[in-house]
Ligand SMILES: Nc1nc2c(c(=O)[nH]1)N[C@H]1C(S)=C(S)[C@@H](COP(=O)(O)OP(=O)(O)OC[C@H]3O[C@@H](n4cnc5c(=O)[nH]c(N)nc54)[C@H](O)[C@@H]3O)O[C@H]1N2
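Heads up, the chain below is alone and in the form predicted alone; it's given as structure tokens.
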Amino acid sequence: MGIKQTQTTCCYCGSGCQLLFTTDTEANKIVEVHPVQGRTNDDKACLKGWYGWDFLNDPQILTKRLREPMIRKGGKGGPLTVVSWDEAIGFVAENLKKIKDKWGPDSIMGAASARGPGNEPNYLMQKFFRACLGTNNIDHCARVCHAASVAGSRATIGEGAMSLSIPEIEDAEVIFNIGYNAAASHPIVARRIVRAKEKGAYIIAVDPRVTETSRIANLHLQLKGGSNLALTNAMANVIISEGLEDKRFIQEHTKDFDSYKEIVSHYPPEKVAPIAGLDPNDIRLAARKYASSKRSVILWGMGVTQFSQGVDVVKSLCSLSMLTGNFGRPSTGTGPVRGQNNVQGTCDMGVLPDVFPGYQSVADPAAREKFAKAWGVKSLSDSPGLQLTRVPERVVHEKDPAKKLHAYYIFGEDPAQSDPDLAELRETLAELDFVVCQDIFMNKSCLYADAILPGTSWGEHDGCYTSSDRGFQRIRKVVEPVGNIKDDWEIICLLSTAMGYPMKYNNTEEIWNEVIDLSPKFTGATYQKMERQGSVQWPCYDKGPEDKGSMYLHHGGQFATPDGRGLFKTAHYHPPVEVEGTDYPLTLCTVREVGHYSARTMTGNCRTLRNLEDEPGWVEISPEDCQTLGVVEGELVKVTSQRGSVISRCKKTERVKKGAIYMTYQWWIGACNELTISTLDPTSRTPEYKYCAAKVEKIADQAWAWREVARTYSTIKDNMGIIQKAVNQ
């Protein structure tokens, strides 16, 4: 048995943990894995870090690994047929060419991947769309999670990333934790919060649910869902009215304070208390505590961003930090903790409709000229592209064929599971002229694909990721890929070349060198420096060893805005778009759980993680509502909104308030996105996943319900081509 050890970055959340794999090279199997010292994880790993690699062995528990390129030769509705790579690439190139020639480049949409592929293939994906196809219609799943963080932070402090580093969290004196359950989303970050508490930090947890963070918090503001902005405005009202603001910082480093002050003057705690369901004295206490420290940190997650006022809340949070002078030093600032392993990196690579790599605007003539010259094209589009959450708008709801989307290239994502209002999304995928899925497993979106291009997985290729706190880190091949599959970057190069725009690279380092040479903030982050330091946090402007990167942003109060000053911004509060009523008396919110990840194609194919939980998931219900409904723990119930119904299991818990229910989104049968609303934030176009009206109904015939779950599960697996006999192996 030949033994090889490989250190790489975990493929799950954005914490950027380092893992050491021991591989039997003769059997091409992983023998064991251990966490090792990394900048963020300190020799620790969570459940997914310890057990989340098993999908590389393709146990076919949930869905099967894609091993061959496939196309539908008979057109829509025909079977997928295994073909050679030459035929598959030719088929995709021919169809995209036809659509581009007939309807123009903006008739094609691309969704790239914030998961396993890494920064380099995502860079090539946006380059392919911009330089080859000629459109800025390129986006990724940040749109449905932290796009509001990027937009709101850019508008106030000029930079959309975490301003501090994960290790700094434990040295904060005050942590204002809003809409973020680190224990489920980023367990290694949760350890930092616990250590901060042990060191004496005062923790304020803002969440309508009792989370692990709220259980250790000094103050839990269990507000009503959807009232975030009313609360943050009220806190600012208290800070200003009591003279707790940092007047010198405001004077020297910010502007537009007076307009901000005027808006928050309308939100005294007594007015906000009935909106948020809080005691006004608790609001005052939270404001005073936050303002009392020069090492105050704000951490937030999707409980802030996945609202129709998500961008406004982010602006308000950045303004709170400026209001108290909490920027530009260690253990201060704002922490939008990004969810997936490379969602920060995919943004960094310019996989957004309005920016090139390194956050250089497509509207900037100098940036367009620079990238056009580097990429060898005459010009690049200056029109911001379409956000992926607006795809149904341009397919189902657009009547003019000349304005419709006609093709969708989905790379490493599963919108048929993760987007809101799934019935509308399925209609969209069915109506498109041409759909391409480039992925590692069969998923719900693949069922609508006209072509499937199988790529290598994390653990089967090299490259780099960006952790949530801006840290570039290497990923390395652990095992050899099996089957007729190719590296994602190679697939994109082949397709681009077939369409008349040649791309040729020998390895990911060549791609990376092109990225950093075009992106000043990343220029110093060479592979060599990543190897030497383990992690390089951008901005890092110089390739020399003296520039080690930036632990925190906005040093000395110098913001990333054109004039270096932060802009105070907030807005007036309005309630969520769809509120509870007689027919739908409950509010539904989507949440995460520690054992599974994204659309579950990876963790669902890991034996240990799959054994933690299975279909049809759970719906968390308060004891009072359980009593009213006459349902008990573990009983199957029907959950309904105006958009559809699903079956799930009742989870009776005191973690939630009466009138509110919570579901996780990775289940196929208990798919809560059948229920969620597609209302979007007007700026970021992020859906309001965290609030819609719903109802729960008791199912009298439980035996029938369990048979229906089993039948539905079997049908989905059959459609995915799962080998049923492999389930129990």
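Bear in mind that the values here come from a model prediction, so they are computed numbers and not experimental data. One-based numbering along the sequence shown.
Form predicted together with this ligand: not shown, discussed below.
Although the partner is absent here, residue 312 lies well away from this ligand in the model of the complex, with no heavy atom inside 4.5 Å. In the model of the complex, at least one heavy atom of residue 594 sits within 4.5 Å of this ligand. Shown alone here, residue 178 lies within 4.5 Å of this ligand in the model of the complex, counting heavy atoms only. Not displayed here, this ligand is kept clear of residue 692 by more than 4.5 Å at the level of heavy atoms in the model of the complex.
Residue in contact with this ligand in the model of the complex (any heavy atom within 4.5 Å), chosen from 349, 318, 161, 440: 440.
The partner is absent here; in the model of the complex, the one residue of 197, 477, 294, 209 having a heavy atom within 4.5 Å of this ligand is 209.
The putative spot formed by 303, 600 and 672 is fully lined by this ligand in the model of the complex; each residue has a non-hydrogen atom within 4.5 angstroms of it. Heavy atoms within 4.5 Å of this ligand in the model of the complex belong, among the stretches 161-169, 363-371, 349-357, 225-233, to residues of 225-233. Heavy atoms closer than or equal to 4.5 Å to this ligand in the model of the complex belong, across 271-298, to no residue whatsoever.
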